Ligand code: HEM
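First, one chain by itself in structure tokens, the form predicted alone.
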């Protein structure tokens, strides 16, 4: 029940998947809001929370990658060879972005001339990366961070669309096996239309 099988995901993978998904959606919303606020005090608070949850996301993604590396992944359902390759590339791209976004955010705050410390969850100060501090460097990292965020939005949309396609069009268990641990073999054949 905790570990993945050839037929489905275990509880650990499911919890990490949905927790990271919620964090990413929340981070994208907070990121959009905090840069548009006129109230500097509220913007500062949201930025601190954004950084805190960014570090939490990085830790959880590291755990998810580690869990994936030591375990197995379920067999893909109802897909062609090209779809399997596309799914593998899509998942790899999601993992790269889920690591790159927090790291570029960390680089962004580390390169700021303001040198505002990151006080993660108001519990611990996270040290800055040893990067050049300048307006140009901060602007560059900010642009990279924003571009990667929009790329992630696009990939998440494709990921969700693919899961919905599997569920409603192909009628296989690709989506439902990420909702609950599976203990039995699933039908790997798609529904006939």
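Residue numbers count along the first chain shown, from 1. Here the structure is a predicted model, which means the values were calculated and not measured.
There is also a form predicted together with the ligand; it is not shown, and the following applies to it.
Contact annotation for the candidate site: 50, 55 and 146 all lie close to the ligand in the predicted complex (heavy atom within 4.5 Å). Interface membership of residue 74, defined by any non-hydrogen atom within 4.5 Å of the ligand in the predicted complex, is ruled out. Taking non-hydrogen atoms only, residue 36 approaches the ligand to within 4.5 angstroms in the predicted complex.
For residue 14, no non-hydrogen atom is located within 4.5 Å of the ligand in the predicted complex, even though that partner is not displayed. Although the partner is absent from this view, residue 69 stays clear of the ligand in the predicted complex, with no non-hydrogen atom inside 4.5 angstroms. The listed set 163, 60, 151, 142 contains one residue whose heavy atoms approach the ligand in the predicted complex to within 4.5 Å, identified as 142. Along 90-113, residues 101, 102, 105, 106, 108, 109 each place a heavy atom within 4.5 Å of the ligand in the predicted complex.
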